[in-house]
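This document starts with one chain, in the form predicted alone, laid out as structure tokens.
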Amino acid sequence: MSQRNDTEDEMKRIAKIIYDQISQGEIPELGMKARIRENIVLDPLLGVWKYGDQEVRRNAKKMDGAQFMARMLYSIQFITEMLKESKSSTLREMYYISEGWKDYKFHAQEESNLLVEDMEVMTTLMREDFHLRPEENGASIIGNITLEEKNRKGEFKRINCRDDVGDSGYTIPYNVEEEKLHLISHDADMIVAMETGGMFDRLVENRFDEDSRAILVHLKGQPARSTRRLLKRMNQEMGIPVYVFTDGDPWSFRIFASIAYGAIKTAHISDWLAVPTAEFLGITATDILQYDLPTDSLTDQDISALNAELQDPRFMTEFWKNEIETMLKIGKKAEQQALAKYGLNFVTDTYLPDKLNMRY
């Protein structure tokens, strides 16, 4: 059965649940996994954090519940029409489409985004299966890996992400599944995924991809799902280890956690997105002290986030406990670019090789 048919069947299944309950004179009700931190558990087989057994129930007893059901049905109709017409839309477009739903339109895009996430949890599908895509583009790749991407004519075009691209690299499309993107071959020993564009440009200019046989990925901050999915595919299908190079602050630690273990909002698809073998190369509190890096003081928000991470199941290891507690003790954070204190080549000649040698 095609993925389109699978998606259509799931749309019909949800609609039928609501229809059958109303036909039997019952108040319609839907259940789904609770998307809260307290319901995140480690899947020992997959090595990623997923939703546990806690559930929430949504019903139409009150006006907000009735609006939820109506919006769900309108969304199902919209998605089904796109599937039949082989169209797609952005999440933003779906929000504006709802203007035609009169009393049941979304009042903010956050409402429509959350409903799509609810539908993912209920169906175990991804928004890409609904033909919904984010507004932003994926990240960029430079390195000796060859892909085939389907173009608008339905033809697969072969691209080497080092020889066939400019300095900005190959831009990851929103859909990186097999029907859109084929992974052909590579000649690399590692993937280095980095948080900032400035550091990506530095490594490209210093030819770190060539000298260290690395595939470089610009995460663009908190990475898009397509970026995380492609990292997962390259790691799983090609066996390329993933290293994550970020700033040294609590928000950057969460970038790593989302790549390695999954994020709370996407815990229902962590097995599709997370790379549990990914390793952290980013700036740590130990690095700040060891290299005497330029720093900024932690803000109240930073301190609150670090304390929250001490309770986050994704950070409950000896390494993270020590680094987070040390950062709280010194009260400092540092950016990747702080390594430039020792020159523009320090990061590629010394810092990254030293950290990587500790892991080989």
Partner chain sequence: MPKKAETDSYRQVSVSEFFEKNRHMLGFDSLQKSLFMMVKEAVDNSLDACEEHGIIPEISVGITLLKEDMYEVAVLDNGPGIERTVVPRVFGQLLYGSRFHVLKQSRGQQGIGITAAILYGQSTSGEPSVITTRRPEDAVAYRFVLGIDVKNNTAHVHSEDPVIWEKPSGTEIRIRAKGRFISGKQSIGEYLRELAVVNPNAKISFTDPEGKKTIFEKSIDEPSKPPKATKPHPYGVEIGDILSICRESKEDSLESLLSSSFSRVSKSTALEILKNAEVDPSTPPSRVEKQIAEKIISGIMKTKLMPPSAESLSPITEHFIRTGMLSVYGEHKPSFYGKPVSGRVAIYKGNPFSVETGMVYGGALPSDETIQVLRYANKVPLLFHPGSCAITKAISELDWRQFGFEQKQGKGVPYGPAIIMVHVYGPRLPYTSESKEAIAPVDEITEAVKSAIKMELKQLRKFNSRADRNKRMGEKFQLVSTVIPEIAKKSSEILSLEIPDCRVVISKIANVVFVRESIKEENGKKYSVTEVINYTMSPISMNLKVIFGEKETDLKIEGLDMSETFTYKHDEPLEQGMEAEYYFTGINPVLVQGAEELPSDWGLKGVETYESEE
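Note that the coordinates shown come from a computational prediction; the quantities given were computed from them, not determined experimentally. If you superpose the two forms and keep the largest set of C-alpha atoms that fall within 1.5 Å, you have the rigid core. Numbering follows the first chain given and starts at 1.
The same protein has a further form, the form predicted together with the partner chain, not shown here; the description that follows concerns it.
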> Tell me, which of Ala305, Met69, Leu293, Ile40 has a heavy atom within 4.5 angstroms of the partner chain in the predicted complex?
Replying inline: Met69
>> I need to confirm a contact call. Of Ala263, Ile76, Ile288, Ala260, which residue comes within 4.5 Å of the partner chain in the predicted complex, counting heavy atoms only?
In response: Ile76
> Wondering, does Val48 line up within 4.5 Å of the partner chain in the predicted complex on heavy atoms?
Replying inline: no
> Hey, in the predicted complex, does Ile18 get a heavy atom within 4.5 angstroms of the partner chain?
Replying inline: yes
>> Given that the partner chain is not shown alongside this chain, does Lys321 nevertheless sit within 4.5 Å of it in the predicted complex, heavy atom to heavy atom?
In response: no
>> Taking the partner chain as it sits in the predicted complex, is Lys62 near enough to touch it, meaning that at least one heavy atom pair lies within 4.5 angstroms?
In response: yes
> Any idea which of 272-280, 103-111, 183-191, 152-160 reaches within 4.5 Å of the partner chain in the predicted complex, heavy atoms considered?
Replying inline: 103-111
> Can a Cα shift of no less than 2 Å be assigned to Ile27 between the shown form and the other one, given superposition on the rigid core?
Replying inline: yes
> Taking the rigid core as reference, does the Cα of Met63 move 2 Å or more between the shown form and the other one?
Replying inline: yes
>> Superposed on the rigid core, does the Cα of Lys102 end up 2 angstroms or more away between the shown form and the other one?
In response: yes
